[in-house]
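Given next are two forms of a protein chain, the same chain in both, each as structure tokens and marked structure 1 or structure 2.
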Structure 1
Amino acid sequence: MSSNSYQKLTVRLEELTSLNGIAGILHWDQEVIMPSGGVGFRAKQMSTLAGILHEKSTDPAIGDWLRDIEGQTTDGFDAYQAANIREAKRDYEREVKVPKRLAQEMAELSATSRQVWVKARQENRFGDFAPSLKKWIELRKEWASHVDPEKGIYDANIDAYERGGSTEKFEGIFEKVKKELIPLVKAIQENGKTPSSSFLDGDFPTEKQKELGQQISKDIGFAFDKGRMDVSVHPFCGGSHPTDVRITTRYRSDNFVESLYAVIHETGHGLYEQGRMERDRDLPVSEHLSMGIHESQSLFWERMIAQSESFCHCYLPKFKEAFPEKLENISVRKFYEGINLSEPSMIRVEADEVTYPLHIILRFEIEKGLFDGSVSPDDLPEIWNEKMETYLGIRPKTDSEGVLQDIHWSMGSFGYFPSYTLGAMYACQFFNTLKMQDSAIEDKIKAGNFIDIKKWLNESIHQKGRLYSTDDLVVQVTGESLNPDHFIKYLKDKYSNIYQL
């Protein structure tokens, strides 16, 4: 009977969730506390685990259970069960097409190439990382040819992060954004009015930064009995389960804002994970919908909330208490303008919200070229530098501040970058909707009252899991599909005000 098959299916899906959770903890351990000498054996561990996951996720019994379920009436299944069946079928049909050898090879390369990238970046030697990059491109092409031979290679990789996304769709969105933002960046630079931010540079003890970050993370709702905060080279949110969410940041003693906003950003991711539905929490229906939606939650808190003047009004007194020598005479308006300074930056993770999308568009265009053959990996440093000069008016002097700056390619995460700017657009559209529904939101932010905001996000997005498609969820929440005009207007209005354009 289909009901019995469904029970067997969910037992297997819960087992896969546990195994993936173990992989998540191994990844966190590698990034946070694993000794550098352990990378070789960790690569073997990840390869072994990938093999086990592949065997269990491609077990013919799963196909038998799914066929039995489909062969019976599905009227007895509710929306949650139907979503689990749909997601299980999609994953199974993709996984059985991928050879175990390829799954293990990708897992092992992910562990080893990360260390190669770290060393190459430290020594400014792109040539040392190029062989790993070429191998990743080769493997991701092979992977795409297995999982969806009818789809374009880069489209298949995009679909792993943004289901339903495509090169064509993103090109249309990004061309519109590029057309609007390049002139805005130029207008800001030529305006002559540059807000002061010198008070953000100095000596800020990391222990004070850690205390502030943890307090603000707790204030906006992160539950530390179900999560923790640590340090890593590249801030991220990981872990194994909504009850064990790991967020990380990195500290610079000469600038506390970078660490603080990294904490807020990763807390947004963490709140999504901790806020997932209680029912079927270990099953696919409860998992995040897409990386763009996940990124929208981090950027919602980082940009819509924490970079607002209302947030500065609330927290500047606490910042002054922690760092009185630098901030004692700084007004709310001056602090707000300082943290929203817009100027081209070599490093994506340090970029402001106006220039950031151009960093993403650059990477999207390069990845597209790597997979359609129009860009050679050996030419990447020069192509990267030329695009930086065209879009942002600056040119990297080293590969470390250019093509080697991101960790993503060392992990084989091609197609991931568009999610960052899609997330910024979703965040803006979500926040506009929230403001229309609750006219007191700004006052609540000023008062440090984030309960209603977190509750709205929990109910509107986090607890919806994968019940709906991304497009359907966005329409359900905001009344329309993704509309980049909201994002463009937000940036133009905010920065015209700050720079008096």
Structure 2
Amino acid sequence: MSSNSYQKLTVRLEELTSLNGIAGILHWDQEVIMPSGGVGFRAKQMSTLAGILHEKSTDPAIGDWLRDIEGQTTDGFDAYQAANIREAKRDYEREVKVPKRLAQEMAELSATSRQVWVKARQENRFGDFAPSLKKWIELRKEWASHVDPEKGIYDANIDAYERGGSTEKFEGIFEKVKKELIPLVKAIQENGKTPSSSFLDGDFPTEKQKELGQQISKDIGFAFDKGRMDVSVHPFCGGSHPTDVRITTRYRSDNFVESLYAVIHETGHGLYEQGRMERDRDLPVSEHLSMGIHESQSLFWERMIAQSESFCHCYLPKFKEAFPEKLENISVRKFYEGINLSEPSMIRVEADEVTYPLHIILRFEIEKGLFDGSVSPDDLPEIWNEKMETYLGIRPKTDSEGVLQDIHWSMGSFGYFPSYTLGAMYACQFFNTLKMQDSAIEDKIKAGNFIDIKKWLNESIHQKGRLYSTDDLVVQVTGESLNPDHFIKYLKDKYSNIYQL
């Protein structure tokens, strides 16, 4: 009977996977290819689909199947099946525990507060957005009290993106990072040496950029028979399935590095999706483990590989072929230094790898304060600007380049930001392990030979899906839990070398 219930459960889970894949295509289509006039009806399609997804994922039958499975001995289930049951239970419970009224309020607030945020940012007025923010905090508090009453409120929100994460864990890590990075940022600024990067500005035909991007994505291992690469306003990795993964980039004719590294970043996400396990591929066990681990895969390729000197060694000749005028006299070292400039800046998404974590820590501290009551939403602009000055030595002049810059809070996404920096740290720790296991890695990168690297990621991470917790996986792969020392040492070594500190 319980195996019968398991069978029924997986049929439903595969149906949900199928519907989520459809939503993925509709989203991609809207961002990449849909005519502008279609936007109104597409919203209707999306909401119809969301309604069906909600209905099917909160169907009481799922609860019955799960109860039936739990009532039996689980000896009959292997690790994959056990993971599917665990994930299904978590998803189901989190869905059904939220009262319908609250779900509706959150859906409505999502729609309205996004508009309010867009306008407030345009007009530089945090005050206009503050009521929406307050409402979100209220709703997310209530949400947390339903889905995870035994956790702290911010912890419950964090857990939605980074399962197993907590305020306490992140605080310990971020304090360490902060303590080391603030002086590093300062030292870079004060040493007076700024590598030249003027050769990165110029006129770079889009067609050439596209060719290069596709070539590198392919070299790294992106399978174009199971994916596409297109253009959108904001680069992303979407699609509908491991056999249909769609990455995007955007082109600026005056800068080819930005688009290229966006391609490499999204290729990293894409390889994770394409590399998912074959068995149970349409069931939860095969899905990505967490936001942080997903981000580790994009940053692994973007930073560990593609921003390294070995990679520049391999690809600079190809860049020169594509853009001879600008790059003719540029050495590998000069190119490497040029693409690795570090400088404090107001906008998180434009920040380099040294300053980026401080943007994240600032947001983490503010979110924590918003939920424990130590920070009042009305004080946010001032608190934001103070922290920017303390951490990065610069102070936003307007709300738009400060507290209003990110879309996340307008969608009620609290606890999401840490994943970006966790990803950077995981990437570094994974890369250190790989280098220890394969001493020829640098030579392989220099030769443009990425097969072994991709294979290692496929086998160590992608194919593991949700079989293990994030912490277990990291221990399994690297021999220890997340350890920020790897990341700190990497940044210190790299930038001491570039800036001769």
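Residue numbering: structure 1 sequence, from 1. Owing to the predicted nature of the structure, the values given are computational and were not obtained by experimental measurement. Take the two forms, superpose them, and find the largest set of C-alpha atoms that agree within 1.5 Å; that set is the rigid core.
Is the form predicted together with a further copy of the same chain structure 1 or structure 2?
-> Pick structure 2; the other is not the form predicted together with a further copy of the same chain.
Gly63: CA shift of at least 2 Å between structures 1 and 2 after core fit?
-> Comparing forms between structures 1 and 2, the Gly63 CA shifts below 2 Å.
His241 C-alpha relocation of at least 2 Å between structures 1 and 2, rigid core basis = No: His241 shifts by under 2 Å between structures 1 and 2.
Glu168 C-alpha shift between structures 1 and 2 of 2 Å or more, rigid core reference = Result for Glu168: yes, a 2 Å-plus shift.
Taking the rigid core as the frame, how far in Å does the Cα of Phe364 move between structures 1 and 2?
-> Its C-alpha position differs by 2.9 Å.
Cα shift between structures 1 and 2 at Met411, which is computed once both forms share a superposed rigid core (Å) | Residue shift at the C-alpha: 4.6 Å.
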